[in-house]
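So this first bit is one chain, no partners, the form predicted on its own, shown in structure tokens.
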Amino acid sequence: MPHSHNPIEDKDLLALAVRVARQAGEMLLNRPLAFDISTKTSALDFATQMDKASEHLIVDALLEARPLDGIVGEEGASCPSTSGITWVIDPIDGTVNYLYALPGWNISIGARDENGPLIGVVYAPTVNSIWTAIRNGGAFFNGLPISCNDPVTLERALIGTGFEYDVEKRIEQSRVVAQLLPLIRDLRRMGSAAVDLCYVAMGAFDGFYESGLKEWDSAAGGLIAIEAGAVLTTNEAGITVCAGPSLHPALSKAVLQ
């Protein structure tokens, strides 16, 4: 059954995603302040358990409210949609940040219908930040409207990125960084693709690129960036580029050289 475009229902979907993201955030904040080095393996187990517990909480809450919706989750939760709405979830985006008690990890909840991304919520409790968007409804940070920086030239651009954990891929990524660094203002690596996309949306970054992103990395943050006026593309090499309309072509070219 196709999803009918009802602005009131879309707002209800957003409100549900916000409520569930906040619940997951509250659970995830309940963690030891730091792990000493000798317990890093148990810390890793803990982070993995928390990732799964967060996904479990989110999926249960969403399906309790909307039992006919579909689910795609990073930790493996999956069910088909009979309502036309599918939720795309990253229960902890920035797991390494979470493991090390660094700020910026977040809960990312997106919803899509047959026309693509519909709802986006990215909640980063450690920096008291919630970004939201409804398709064709603009983007918001803590309830206030936001827009990307534009126009920006490449040499003045502050760019966010991230790296894959696969060593072979990192060799290629380091080559891209070496080419890009002399061309831009500076580079930042915050450890979370969802927040990086939201930073482009609110003008905290001028642009962002990363290779190998999965749907749950960009489902919510990507919609938020687009609704804030940014251009978001993924090229044949698997590099996702997000920036304002004037910067996007130059950044896309620079990361492909």
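Heads up: residue numbers just count along the shown sequence, starting at 1. These numbers were taken from a predicted model, which means no experiment stands behind them.
The same protein also exists as the form predicted in complex with D-MYO-inositol-1-phosphate (IPD); that form is not shown, yet it is the one meant from here on.
Not one of 153, 156 and 241 comes within 4.5 Å of D-MYO-inositol-1-phosphate (IPD) in the predicted bound form, counting any heavy atom. Checking 83, 126, 147, 95 against D-MYO-inositol-1-phosphate (IPD) in the predicted bound form, a heavy atom within 4.5 Å turns up for just one residue: 95. When you look in the predicted bound form, the only residue of 219, 193, 225, 58 with a non-hydrogen atom within 4.5 Å of D-MYO-inositol-1-phosphate (IPD) is 193. Judged by heavy atoms within 4.5 Å of D-MYO-inositol-1-phosphate (IPD) in the predicted bound form, the contact stretch among the candidates 179-187, 162-170, 116-124, 136-144 is 162-170. Among heavy atoms of residue 213, some come within 4.5 Å of D-MYO-inositol-1-phosphate (IPD) in the predicted bound form. Contact annotation for 49-83: a single residue, 74, has a non-hydrogen atom within 4.5 angstroms of D-MYO-inositol-1-phosphate (IPD) in the predicted bound form.
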